[in-house]
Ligand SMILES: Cc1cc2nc3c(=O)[nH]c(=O)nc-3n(C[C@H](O)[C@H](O)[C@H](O)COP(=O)(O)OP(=O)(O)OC[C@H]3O[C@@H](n4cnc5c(N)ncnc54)[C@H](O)[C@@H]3O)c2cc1C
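Quick setup: one chain, the form predicted on its own, written in structure tokens, and binding and motion questions come after.
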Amino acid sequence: MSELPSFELIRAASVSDVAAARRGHLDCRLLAGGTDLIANLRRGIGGPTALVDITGLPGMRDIAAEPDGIRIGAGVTLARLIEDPLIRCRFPALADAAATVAGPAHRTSATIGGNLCLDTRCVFYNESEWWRKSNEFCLKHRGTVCHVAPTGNRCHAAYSGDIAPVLLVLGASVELAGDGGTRWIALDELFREDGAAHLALGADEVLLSVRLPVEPGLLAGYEKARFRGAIDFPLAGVAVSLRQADGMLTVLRIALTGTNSRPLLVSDCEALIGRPLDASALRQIDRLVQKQAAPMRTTIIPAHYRRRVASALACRLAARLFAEA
């Protein structure tokens, strides 16, 4: 990695401060924990004239119980998510997922908002400057061709955040703030299937917080496949939430990471509601995941392996949760 480029560090105390910084530095980047952003800057991916520290915005570091759920500031670190008694009591799957991210030192800085807004990854993108230049760069950064799918016109870099799939199956919404005020959207609406522009944030918007509703009787979990037992991003990750009554499914949600350019909430799971999670239902889950997972040649592991791993993890996790329900 190279040295960091020169930049101005601006500490924002309000959303209006962020807006002012953006007007003065059109290429500025928002900074929270910086565990992904700084590494990319040292690889020569971007050279902003300013970084805007948003961790001082009101409520960014708060975890608060609400009448129907919990609100988590986007600046809450992953290390705190793992240890917070409210999170561990109400949403243990979120704490467990946070514990799979990178290593302990990273988690003391990395934030929940930063993990949600994690840049997409690809073997043609997350490399040194000289390596990327020798390959004529790529569609995601300074190039005109996606080396994963050269005949297409879309970047296929994969989203690899561990937190998003768990929040998706827990029904999370997110708070965004910009020049037009504050708005809440379902978490699923924050993303789009484009590796070069996978976030649907407005150009002036910042992610402020996450809200999770409490659903009595809902069980959730997260599992991922990776090269090593620590540090690594998921080659494929799966979150499942479900609830059952009298041996029949009443809720089933499955979300994927590491396979598509966005965290994917698997569709058509409602077809299994009112049925037991038997061998037939597990085969249907296998088909749903394999059909909707779309891994490409973004890692050194073959795409078909990552697709099969995703379906196997989904079936195994769903079966375990159903047995515990």
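We number the residues from 1 along the sequence you see. It should be emphasised that the depicted structure is a prediction, and the values quoted were computed from it without experimental measurement.
The same protein also exists as the form predicted together with the ligand; that form is not shown, yet it is the one meant from here on.
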Checklist entry - Since exactly one of Leu81, Val206, Ala220, Val174 fits, which has a heavy atom within 4.5 Å of the ligand in the predicted complex? => result Val206
Item to check | Option touching the ligand, based on a heavy atom within 4.5 Å in the predicted complex, out of Ala255, Ala93, Val101, Leu252 | outcome: Val101
Checklist entry - Can you pick the stretch from 159-167, 178-186, 83-91, 242-250 whose heavy atoms fall within 4.5 Å of the ligand in the predicted complex? => result 159-167
Next on the checklist: Please determine whether each residue of Thr35, Ile54 and Ala74 possesses a non-hydrogen atom within 4.5 angstroms of the ligand in the predicted complex.
Outcome noted: yes
Checklist entry - Does any heavy atom of Leu31 come within 4.5 Å of a heavy atom of the ligand in the predicted complex? => result yes
Next on the checklist: Can you tell me whether Ala197 touches the ligand? I mean in the predicted complex, with a 4.5 angstroms heavy atom cut-off.
Outcome noted: no
Checklist entry - Going by a heavy atom distance of 4.5 Å, is His106 a contact of the ligand in the predicted complex? => result yes
Checklist entry - With the partner left out of view, is Ala110 within 4.5 angstroms of the ligand in the predicted complex by any non-hydrogen atom? => result yes
Next on the checklist: Suppose contact means any heavy atom within 4.5 Å; which members of 216-245 contact the ligand in the predicted complex?
Outcome noted: Lys224, Ile231, Asp232, Phe233, Pro234
